[in-house]
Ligand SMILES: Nc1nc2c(ncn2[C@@H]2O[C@H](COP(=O)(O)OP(=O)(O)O)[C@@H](O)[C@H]2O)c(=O)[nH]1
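Next comes just one chain, in structure tokens: the form predicted on its own.
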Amino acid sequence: MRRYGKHTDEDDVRVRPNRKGNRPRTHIRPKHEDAADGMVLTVDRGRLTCLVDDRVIVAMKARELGRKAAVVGDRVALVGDLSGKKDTLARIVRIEERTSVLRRTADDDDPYERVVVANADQLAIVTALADPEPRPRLIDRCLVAAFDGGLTPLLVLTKSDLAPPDELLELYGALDIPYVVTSRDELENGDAADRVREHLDGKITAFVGHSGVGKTTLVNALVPEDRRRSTGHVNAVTGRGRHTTTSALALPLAGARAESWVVDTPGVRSFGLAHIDPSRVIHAFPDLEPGTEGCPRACSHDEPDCALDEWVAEGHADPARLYSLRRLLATRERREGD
């Protein structure tokens, strides 16, 4: 008769028959204290390209990690063949705690969030001032995702020779976001890259932008081809003279400190925000956050009982800041094309 609880003994251990003999099942996992530290550069069909010291390693996730996925920017621990030689494969046995995450959903009705980049310091939002026309709703959504994930935003406005930046900059003036304005000539001759590079030194920066705004041209200027080859440049296709990124890829920034990285992400058509919690976005507004202490539970910060109205009326913060916060939070309720 099988016994349970504190009356069990060695005879009650459940075993499974197999060809190599019967062994008790165990939940003990190896600690891998001798594992090497690395950083994920790109992910492609279950294979992860990682940088370990100065070597590019191809690895796969260990089964013991279960459903936990590693993404570009993750700091990981690896064991196995770490030589970096052709046809060798290491194993990722641990994913370290993340300092930030850039997340999105496919659309606002999709509850499944996707982590695009981990541990990035800032998000460079690239948008053209014309051809194609700027899409403020998409910019707003990227800003919300940055604030929610703990990234500092940077606006990169291209094609200023076709349209002035004043109106768009005024829209985001209250948010005090750093920005760079460039022209088509500057984008092509490399001057734009030099000006953007000033904001990237010593940081991991993820670049986002929809098709045609010049994002990939800018990234190519920031990271010359020889540096791409040295870090195992994969996952890109070329068609009709245009170089298009098909998955996120971390690349070392040329002419900067070793810890400076550029993360090129696929062009986005939409940026779903189904996962966003207003209580996390407010952290990016330190002048408004203290005023939320009197808010009702689960306050959307845009309702009659919101304490922020009184906080601003008392002169603690600029009304334009509250308007900007509410405009950004409202993007969660509106589709990008609305």
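The numbering used is simple: start at 1 and walk along the sequence shown. This structure is a prediction, so every number in the text was calculated from the model and none was measured. Under this definition, the rigid core comprises the largest set of C-alpha atoms superposing within 1.5 Å between the forms.
What comes next is about the form predicted together with this ligand, which does not appear here.
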property: This ligand contact at Asp81 in the model of the complex, heavy atom, 4.5 Å; result: no
property: 4.5 angstroms heavy atom contact with this ligand in the model of the complex for Thr88; result: no
property: Contact flag, Arg141 vs this ligand in the model of the complex, heavy atom cut 4.5 Å; result: no
property: Asp161 within 4.5 Å of this ligand in the model of the complex, heavy atoms; result: yes
property: Among the candidates Arg184, Lys203, Arg197, Arg135, the residue which, in the model of the complex, approaches this ligand to within 4.5 Å (heavy atoms); result: Arg184
property: This ligand: the contacting residue among Pro224, Gly212, Gly173, Pro178 in the model of the complex [heavy atom, 4.5 Å]; result: Gly212
property: Contact segment among 115-123, 144-152, 161-169, 92-100, judged by heavy atoms lying within 4.5 Å of this ligand in the model of the complex; result: 161-169
property: Core-aligned CA displacement of Pro178 at least 2 Å between the shown form and the other one; result: no
property: Residue shift check between the shown form and the other one, rigid core fit, Asp194 Cα at least 2 Å; result: no
